[in-house]
Ligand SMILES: Cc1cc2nc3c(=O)[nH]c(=O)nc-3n(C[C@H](O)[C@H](O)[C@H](O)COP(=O)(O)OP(=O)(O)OC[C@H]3O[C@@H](n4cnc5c(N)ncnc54)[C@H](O)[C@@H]3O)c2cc1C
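Quick heads-up: it's one chain on its own, the form predicted alone, in structure tokens.
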Amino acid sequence: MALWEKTDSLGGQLTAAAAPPGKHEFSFLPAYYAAALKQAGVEVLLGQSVEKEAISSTNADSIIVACGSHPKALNLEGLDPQALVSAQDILLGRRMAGRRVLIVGGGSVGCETAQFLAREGSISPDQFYYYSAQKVESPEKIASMANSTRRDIAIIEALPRIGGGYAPGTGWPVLADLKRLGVRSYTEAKIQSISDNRIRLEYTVRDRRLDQTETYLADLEFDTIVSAIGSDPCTQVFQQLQQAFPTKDIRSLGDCQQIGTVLSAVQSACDLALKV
């Protein structure tokens, strides 16, 4: 049995999943699975791309494709492509955001990316400790620095609220942190136009107590727009292998088959392993 990985490390999207505040535990999973694979006698080949000749030489009875997913494309007319980045690129450190950031997509990924960027623009726990211990500033000043961010961040969401995608009772710490750090949100929002690093937005504010709805317009300036509108399965390798080896047992797994969570990917892997 062999595991092929085209990059130089295991983990895939777990690296991005571990980047937001409070999710560092995910960073331990790749090391755990690397040790478990070694113990189980699985040959791990890093930097190994999938090519027809290489597959043919293995004489494998079953091929399981787990290529993950890729961010959905966000097409905004009038936007400079250099100003657009994906949430994944931000979390993986491939791209940096400017001071004024608009995040399109207010699901769990969008909210956690906003939290990540807001914390990045605030003082760190080590700085907080040092400032407090050394009395660099007054307690009030230090508290103000810890509860604010140098970045101007806003989330743009088409649905009536942000935070969709969280399991019940799990999203509130992130949403509370966004409020604490001054991250704004615009819900039921529609982008009307983009010009010269300025976006015109129509959004809705609902007062559920009074059962009232008001629609407003806003002009928001930005240096960076972060796309967090979801992902699509990477199916190309699976389809190519099916065409190249029609008689082999070829199956897809995880986000490559259907977008889900870390838990659903692990569960589907266990279920498939029992069937092969």
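Source: prediction; values computed, not measured. The numbering used is simple: start at 1 and walk along the sequence shown.
Not on display, but discussed next: the form predicted in complex with the ligand.
Taking any heavy atom pair closer than or equal to 4.5 Å as contact, tell me whether Thr261 reaches the ligand in the model of the complex.
Contact check for Thr261: yes, within 4.5 Å of the ligand in the model of the complex.
Answer yes if any heavy atom of Cys67 is within 4.5 Å of a heavy atom of the ligand in the model of the complex; otherwise answer no.
Judged by the heavy-atom cut-off of 4.5 Å, Cys67 is in contact with the ligand in the model of the complex.
Taking heavy atoms and a 4.5 Å cut-off, does Phe26 contact the ligand in the model of the complex?
Contact with the ligand, yes.
Looking in the model of the complex, any heavy atom of Gln88 within 4.5 Å of the ligand?
Residue-level check for Gln88: yes, a contact with the ligand.
The ligand in the model of the complex: contacting segment from 243-251, 31-39, 219-227, 44-52, heavy atom within 4.5 Å
Single hit among the candidates: 44-52.
Considering Ile162, Val109, Leu102, Leu117, which brings a non-hydrogen atom within 4.5 Å of the ligand in the model of the complex?
Only one listed residue qualifies here, and that residue is Val109.
Output flag, Met96, Tyr186 and Ile199 jointly within 4.5 Å of the ligand in the model of the complex, heavy atom basis
The answer is no; none of Met96, Tyr186 and Ile199 reaches the ligand.
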